[in-house]
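Only one chain is shown below, in structure tokens, and it's the form predicted alone.
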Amino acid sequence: MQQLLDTAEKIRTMEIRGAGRIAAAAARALRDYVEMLETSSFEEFVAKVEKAKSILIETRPTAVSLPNAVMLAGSYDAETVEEARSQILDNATEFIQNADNALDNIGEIGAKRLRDGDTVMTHCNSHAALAIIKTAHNQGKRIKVYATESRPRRQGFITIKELSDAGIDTTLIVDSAVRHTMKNVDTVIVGADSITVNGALVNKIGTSQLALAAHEARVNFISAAETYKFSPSTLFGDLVEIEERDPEEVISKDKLGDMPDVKISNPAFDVTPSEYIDLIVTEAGAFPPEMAYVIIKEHLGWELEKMG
């Protein structure tokens, strides 16, 4: 349990960040916990596994990849401890392997949308988005990238390091320079934390700014997302909760000391409407956002059955 609690804390504090990495880490933590869980009572086993699932799911409320990963990895249909344990270990291992393979498939599918000489803008630090850019680069295409700083956590610094290590021509821009820079861009590629049933994209705060600027400049806007980032609960009317993070990520309490009337808002995500999204690239193919329902139904049907 301590190892699982450590993983949950790393997810909560964003030491582990990015929807895909969070999903894989949660599945791995649940698998390891179940493997080590010592009990002969099936009722006790079920109770402890459900508690472990809840601990992981509650760490980040917005990234739907987290509950999807936990539910997929932790599913079982058994009546004994060992049968349930075996099924969870198999399901978790399968999920982790599929998550790794998904990035390769997304890269191959998405790279077809980039031409030799294209300039791409990206936001935050998305493994799926970078998979497309790196794959196109490895195919010999000359790709240039504008990467946003992505305040307040500055995940863009991680992105530019990864792109530099890959030998890709990259320029870091401040978030407020997005609209100014968009005239030099051919395609915007971002990741996804959640995609709703109507094709809306919930992603790192500032994503909607890129989408609006791209729409105005008639630049293609692509979201790269594994299928487990689609939100089944939105089919039943649930809203995706937008996480509000610690104001200290923006400004320290010491600096606010002489400004008692100032408050800090630090939302971690925003929502981009489907009409500003040209394409969603998944490991199962590239789809318009209007097909989000099909992805949820065909790839996350297990959740619909439980929620129906």
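Start at 1 and count along the sequence shown; that's the residue number. Nothing here was measured: the structure is a model prediction, and the numbers come from that model.
Keep in mind that the form predicted together with another copy of the chain is missing from the display, and what follows is about it.
| field | Which of 125-133, 68-76, 86-94, 215-223 lines the interface with another copy of the chain in the predicted complex (heavy atom within 4.5 Å) | value | The contacting stretch is 215-223.
| query | Even though another copy of the chain is not shown here, does it sit in the predicted complex so that 3, 6 and 143 each have a heavy atom within 4.5 Å? | reply | None of them does, since no heavy atom lies within 4.5 Å of the partner.
| request: Report yes if any heavy atom of residue 54 sits within 4.5 Å of a heavy atom of another copy of the chain in the predicted complex; otherwise report no. | output: Because no heavy atom of residue 54 falls inside 4.5 Å of another copy of the chain in the predicted complex, the answer is no.
| said: Please tell me whether any heavy atom belonging to residue 265 falls inside 4.5 Å of a heavy atom of another copy of the chain, as the geometry stands in the predicted complex. | reply: Judged by the heavy-atom cut-off of 4.5 Å, residue 265 is in contact with another copy of the chain in the predicted complex.
| said: Even though the partner isn't displayed, in the predicted complex is residue 198 close enough to another copy of the chain, meaning a heavy atom within 4.5 Å? | reply: It does: once another copy of the chain is placed as it appears in the predicted complex, residue 198 has a heavy atom within 4.5 Å of it.
| request: Consider residue 102 of the chain shown here, and say whether it contacts another copy of the chain in the predicted complex, taking contact as heavy atoms within 4.5 Å. | output: No, residue 102 is distant from the partner.
| task | Output the sequence-ordered list of residues from 248-282 with at least one heavy atom within 4.5 Å of another copy of the chain in the predicted complex. | result | The stretch 248-282, when checked against another copy of the chain in the predicted complex, contributes 250, 251, 255, 258, 259, 260, 261, 262, 263, 264, 265, 267, 269, 270, 271, 273, 275, 276, 278, 279 at the 4.5 Å heavy-atom cut-off.
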